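We've got the same protein chain twice here, in two forms, each standing alone as structure tokens: structure 1 and structure 2.
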Structure 1
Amino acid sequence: MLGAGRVRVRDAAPGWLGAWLERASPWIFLAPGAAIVLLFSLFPLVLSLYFSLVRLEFAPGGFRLAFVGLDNYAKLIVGVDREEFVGVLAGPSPAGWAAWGLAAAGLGWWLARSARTVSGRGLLARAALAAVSAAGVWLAVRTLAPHGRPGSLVVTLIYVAVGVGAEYVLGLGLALLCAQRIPGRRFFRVVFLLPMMITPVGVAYLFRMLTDTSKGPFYPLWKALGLVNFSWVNDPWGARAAVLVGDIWQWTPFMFIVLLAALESQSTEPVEAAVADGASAWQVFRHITFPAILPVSSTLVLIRMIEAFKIVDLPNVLTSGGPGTATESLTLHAYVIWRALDIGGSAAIAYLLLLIVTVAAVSYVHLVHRRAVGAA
């Protein structure tokens, strides 16, 4: 009786209308939510793209936005803001030439190997990626030379490469340690998570206090070492190191907790069989444990890499981007010139950052993540 009381849409409406409503009902219910998501995601992108093509000019009674085309991008790459965005180029040192040679040889070998297995658009995409990578290495070699100065682009790449790499290695080491059956491992699991509970601004102020040699909890230590009048943030590389240490301290727990979960969810039977066959701890890790957590590791590195490109709190609070612009990231660079009412230049940096992150993420997914997942 209950089933007889139900009326289907196709039975209550004319034949063609009922069939159409039944086919379109998923889209009808999803359309409002999809429209809201597209509105709040695409509208800011389109608006910021428009802002990157205009320049704010003050006029009688207010202001106006003058269309300048790609001038904001040209100003960053070859114009007046080139030194702050790209950096100061100098002749490479012998170590720089060696790094450039190794990078060029590695990219050439990778392209030659890809030519045997990939063709068509795939090979063309890899050639374009190799060209972009070679240009990035050449820029880093020139700006990191003794008489050069890296801009916000290279500084951001340093933060991403060094920070994410160190965080993964430390997180993996701590996860392997806490996965062992040792006394107090539950206590240390909680302790290792504490940095992740502090806001980025709080971490920045914490390290600002710790690196201050004139006062603070480490003052007796600095005094004993004769570093009372020394400032970490007055030296470009000292300031960058301070930012990197703070970033690594904050985000290593994120790597640790995810990798620990991956290790503890691993099947113990292959490990026990390998140990019974006489395999060493290194052999077990290399051939069993690491391949098992490789898919999780690749996803974890991808998430952290995308997040690392947006670093702004630590360099802003800890060093204010200084000394000069030595620790200025791309996001901080955009924020600084936005405060100076250069809205077009700020939007141009944001779009260049979007392009860089997209290329890096897509390349990583195609070259690393898919292989890691497929090998699991």
Structure 2
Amino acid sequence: MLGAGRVRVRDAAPGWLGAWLERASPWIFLAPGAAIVLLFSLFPLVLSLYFSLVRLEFAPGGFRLAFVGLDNYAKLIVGVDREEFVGVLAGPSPAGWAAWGLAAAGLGWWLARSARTVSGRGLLARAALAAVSAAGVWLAVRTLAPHGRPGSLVVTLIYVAVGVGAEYVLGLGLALLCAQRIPGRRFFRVVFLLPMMITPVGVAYLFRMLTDTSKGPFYPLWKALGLVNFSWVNDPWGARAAVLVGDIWQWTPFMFIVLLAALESQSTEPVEAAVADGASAWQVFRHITFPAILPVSSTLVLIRMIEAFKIVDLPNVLTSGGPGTATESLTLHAYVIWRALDIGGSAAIAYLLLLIVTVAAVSYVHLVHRRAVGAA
């Protein structure tokens, strides 16, 4: 308690007002923020749910919303947009069977293990989550099989998983390097932030310039590799990789800046003590640094995951979702039909996205985030 004596404070304001202010302070801290979010979010949330159940029609002088029930959803899951949204299913390849078996076994083991520690509603929720995950893996396995084709749903999941993972690892690595006391680190810090500062539309156009294999800067490299007549835009995985590279380039700085701040506000004594005890750098990281930044890491991954599900500008500008529909994300799918006035259809996609992300985020918060925060 060394610092306590140094803090000089004035007495709280006297009188009933002061007392009330003090008593109500928790609510006064929370209320403005909560009120802003509530006031602003409620109306759009409800209205767009309503939109997802209607079809927009123009009527003289204005417009009409014709109620169509769940038709907009049905179109995506079983109707004309099924191939674009869900994908084309095929018999799984042997590797697919293996992956599915592995995933199913893993989920089963996890469920069995949790049965011992949790019960009742918690277990039910976990069983539901396991079922949803198993279905997701099954869908991925079947659409990614040789004659299948992933729809915007699976493509989005790929973007999220690969993109957020790579961004976290890169961001953490760079933050660790920059947290060292080395000359020039202030330069690196500012430079590494740059990609995040460009408007996403701008980044997308920038990457369209860079990935152009006939007049872009990497043409000589392409030529040297003998790929002059090959273009990544003609290959589904090449195009998806290009989208991911752009996404990683832009959002690694987000991970970097927050992790760096976390590393720097970490108290130094445990590290010093460990170093004095002869711990290796890896041990220090594994047992001291990483647990200390775990809560922030967990928050970061959650926020980035939520944002990454909404990826739209990069695939839109880079390939417009092409070749075919190979790079189309859910939000881009929603955007494409929204531009063509299918407000209902696009709201339906958005609500399905909301459902998926909510399930993912709730599970994440319950299973990972609270544990990460608790561990710190």
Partner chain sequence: MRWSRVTAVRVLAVLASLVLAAAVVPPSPAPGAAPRSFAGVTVNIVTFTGPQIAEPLQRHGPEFQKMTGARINVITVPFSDLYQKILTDFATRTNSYDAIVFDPQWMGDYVSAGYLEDLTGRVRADPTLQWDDILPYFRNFSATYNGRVYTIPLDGDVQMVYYRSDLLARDGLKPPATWADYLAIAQRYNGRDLNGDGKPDYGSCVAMKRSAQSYWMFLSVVAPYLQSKGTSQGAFFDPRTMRPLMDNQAVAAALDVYHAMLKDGPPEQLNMDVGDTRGLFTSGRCALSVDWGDIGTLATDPKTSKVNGKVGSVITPGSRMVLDRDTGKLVPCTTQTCPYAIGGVNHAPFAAFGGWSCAINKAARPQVKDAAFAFCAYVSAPPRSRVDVTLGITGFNPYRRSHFGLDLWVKSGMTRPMAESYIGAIRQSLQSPNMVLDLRIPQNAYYEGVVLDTALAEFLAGQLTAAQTMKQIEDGWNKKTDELGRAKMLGAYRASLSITR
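Model, not experiment: these values are computed from the prediction. Structure 1's sequence is the ruler for residue numbers, which start at 1. The term rigid core refers to the most C-alpha atoms you can superpose between the two forms while keeping them within 1.5 Å.
Each structure shows the same chain on its own, and structure 2 is the form predicted in complex with the partner chain. Residue displacement note: Val362 has its CA displaced by under 2 Å between the two structures (rigid core superposed). Once the rigid core is used as the reference frame, the Cα position of Lys223 differs between the two structures by 2 Å or more. Relative to the superposed core, Ala31 moves its CA by 10.3 Å between the two structures. After superposing on the rigid core, the C-alpha of Arg55 is displaced by 2.7 Å between the two structures.
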